[in-house]
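The chain that follows stands alone, in the form predicted alone, written as structure tokens.
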């Protein structure tokens, strides 16, 4: 029998009754995230190259927010984080620079049920210059409990032609500077002890592995944040390598490297003082 009272209340972690919760919601508690395939249910059935997988923001929302908290995504993309907010009873604001990508996000949110009647909104703009405080104030919020950040992996995938898009940064230095500006801006609305989640991968350029994940981690640690965890995610099914596994195996054998099967999920918490150098 379905508990109707429970059904109409968003899921929330109760440490006095934690075991049923993590079992019901498949909460990952170790640093290795093995995900067999992307969740393509509901409005997420349409797949776009390089998009966020729903399981990552889902895990973060279920771990680090309470029902009806506000979640902000400064690199919204196709709206994955906001769809998860709508599903899980959290309010959400997402900012996206590219109009065509933003329209996909809007459509997904319209198609997705809103069982908890939360406020979820898509905003077109550059997160490095967006007045997040004004946006939140107009919508009745003072701060965000969680920021989920999934920036482009520099120039690995071109998401559009806008020069402000991080995928069009001319150099790695410019990419990190632009990422830092966005980070400074969005952290203004992150609550004290709120969590900042960075999802990033590395890249391979001119025969050399570029540790983009560690560069962005270093840039993030320049801010008033303390590092809580570095998790490694492996998604077995990827669009780029699907049905081409032997081709990729040959390529890495020939070039003396390994192909990418992992990304980093880095968890930071806002703090007044940190022990970071």
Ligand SMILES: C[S@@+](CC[C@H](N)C(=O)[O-])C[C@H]1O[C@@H](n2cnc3c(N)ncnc32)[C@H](O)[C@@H]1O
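Numbering follows the first chain given and starts at 1. Predicted, not measured: the structure shown is a model, and the values here were computed from it.
Keep in mind that the form predicted together with this ligand is missing from the display, and what follows is about it.
- Just one of 144, 76, 83, 197 comes within 4.5 Å of this ligand in the predicted complex, counting any heavy atom, and that one is 76.
- Every residue of the trio 95, 152 and 166 has some heavy atom no more than 4.5 Å from this ligand in the predicted complex.
- Heavy atoms of residue 202 never reach within 4.5 Å of this ligand in the predicted complex, leaving it off the interface.
- In the predicted complex, no heavy atom of residue 69 sits within 4.5 Å of this ligand.
- Proximity of residue 64 to this ligand in the predicted complex falls outside the 4.5 Å heavy atom cutoff.
- Interface membership of residue 101, defined by any non-hydrogen atom within 4.5 Å of this ligand in the predicted complex, is confirmed.
- Heavy atoms within 4.5 Å of this ligand in the predicted complex belong, among the stretches 44 to 52, 227 to 235, 22 to 30, 206 to 214, to residues of 44 to 52.
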